[in-house]
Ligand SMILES: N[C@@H](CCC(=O)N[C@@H](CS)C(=O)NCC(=O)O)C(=O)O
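A lone chain, given as structure tokens: the form predicted alone.
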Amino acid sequence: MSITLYAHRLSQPSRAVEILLRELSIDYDFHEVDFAGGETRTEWFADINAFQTVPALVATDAEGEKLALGESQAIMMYLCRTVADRETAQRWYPGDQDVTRAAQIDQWLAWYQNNLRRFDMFHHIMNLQLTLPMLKREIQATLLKPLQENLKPGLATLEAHFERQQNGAHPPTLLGDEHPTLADLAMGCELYQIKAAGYRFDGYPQVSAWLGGVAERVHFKAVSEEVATLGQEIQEQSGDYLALEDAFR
């Protein structure tokens, strides 16, 4: 089986899939797709992923039969269901081997879409970095501030969830286990994107501890180097426009 990942490392879902590929020790070819430049809307990419979003994955078996998949969660579940290393895969997502645990992961992944992913602010942060100084405060006030406020209820839900676990033996995870799941990975990539830009979750210490634990994994750090570098540039150039210290107190 050969795997090609069509993605971009500034895309949170793209990074989640690539991190999982590495966690599962799956060899893959990486094809960068310039989604910001409109490459996902080209005819060749639409033939791979009719949804015209990144990531997309193409798996080719020994007979040349191809499976093309879009949507990061579907891709990650497929990888966990098909990889040879069943023991490692089931830690991330057990599927039919443990339907109760899988349902708990499914629940968090479904919640994530409308409570964290919905309020992605990173492209506005990049626009603020690149725009004229006279427009920076307008972007912060009219675009970023509402997204920050709408993200807070989701952060509060996570904070309360981790507090109820009361498990100090290891960094928090969504299911309370030592090993993270696909839900931790998807949401960790989402929130790391704004942490890299300099935001701190001082008002949500359990969330901060959970994110730190996920982000310290070797493959997470390696795949996130590009967004970490861009985030550092944003911090150095944003001045006080982003209100980094106060956004999530």
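In this text, residue numbers run from 1 along the sequence as written. From a predicted model like this one, the values you see are computed outputs, not experimental measurements.
The form predicted in complex with the ligand exists for this protein as well; it is not shown, and the discussion that follows is about that form.
The ligand is not shown here, but in the predicted bound form it comes within 4.5 Å of a heavy atom of Phe35. The shortest heavy atom separation between Pro55 and the ligand in the predicted bound form is within 4.5 Å. Taking non-hydrogen atoms only, Arg41 approaches the ligand to within 4.5 angstroms in the predicted bound form. Using a 4.5 angstroms threshold between heavy atoms, Asp106 stays clear of the ligand in the predicted bound form. This chain is displayed alone, yet in the predicted bound form one of Arg81, Arg117, His124, Arg101 has a heavy atom within 4.5 Å of the ligand; that residue is Arg117. Looking at 93-101, 145-153, 70-78, 173-181, the stretch with residues near the ligand in the predicted bound form, meaning non-hydrogen atoms within 4.5 angstroms, turns out to be 70-78.
In the predicted bound form, Ser11, Gln12, Pro13, Phe35 are the residues of 1-37 with at least one heavy atom within 4.5 Å of the ligand, listed from first to last.
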